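Below sits a lone chain in structure tokens, taken as the form predicted on its own.
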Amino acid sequence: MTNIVELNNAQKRYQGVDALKGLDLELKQGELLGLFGHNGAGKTTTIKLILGLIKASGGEVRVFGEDPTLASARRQRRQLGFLQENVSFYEQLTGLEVLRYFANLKGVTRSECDRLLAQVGLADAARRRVKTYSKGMRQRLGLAQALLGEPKLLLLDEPTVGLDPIATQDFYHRIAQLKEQGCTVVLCSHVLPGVEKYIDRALILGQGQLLAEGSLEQLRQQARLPVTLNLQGSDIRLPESLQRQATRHGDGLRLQVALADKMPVMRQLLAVSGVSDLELHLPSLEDLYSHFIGNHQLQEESQ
């Protein structure tokens, strides 16, 4: 697979402050990376480096095989789509006029504008001025702008802010379609449960440095957080080896076991009398994020 984005020991300093401390990252065609971290963690700096809006203080950044800050890379920018968190447009223009303006900048045909506005649910508001739009409608217009030209690399910062559940579902359906066509996506969000099932990999930053990176399964292996098993039933009789791990939970029992012990314990429980139902809960993206951020904070406090 082709690497669309490569960061090798990428660093960025602002007036002596390290905003990014030697980040290594490879993004392949068709991947969806979730970029997570608290405010000031380095997410926006990473996105700006990829967009070529700022130059790295050290290390190397390559997008589509080139330094994105070079003049020769400008022609590549029409292959990029970007949606910032707090989107704003010329309020006196209509939604259609705004989209046509960006279409001209990207060299995209105007006919695509009507299709995109309909796709994001703004067909009826296309000829209304942006100043009459709600926050959710402006966010939809921002999504349409980012999707102009079917980009090969899409950078999204809190893309579903202000969208209702149906619009959010439609948005991720569109992202899945773009992925199938080979589009690479970098997605920043604080709504971790909402993005968990869509990402291929997660990258967690803290104070400018990489804290964890990998698929959800890889992060679970790294974190070694316990697996939760909820048992329902009356008169559940656990083997003595599991009784110490069990606590009362509602009308049943709850067990927390090591990830490596998940299958052996489940096989034991399936043979236990009195169990009417068994639920398995793996550590979620939110659990993993809290774990890695918490460990980093403890390390910082101990230094």
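In this text, residue numbers run from 1 along the sequence as written. A quick note: this is a predicted structure, and the numbers were derived from the prediction, not measured.
In what follows, reference is made to the form predicted together with a small molecule, a form of this protein that is not presented.
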| property | result |
| --- | --- |
| Segment assignment from 36-44, 61-69, 238-246, 262-270: heavy atom within 4.5 Å of the small molecule in the model of the complex | 36-44 |
| Contact residue in the model of the complex, chosen from E196, E85, E150, E213 - any heavy atom within 4.5 Å of the small molecule | E85 |
| Partner-contacting position among K179, H190, R201, R128 - heavy atom within 4.5 Å of the small molecule in the model of the complex | H190 |
| Contact flag, V17 vs the small molecule in the model of the complex, heavy atom cut 4.5 Å | yes |
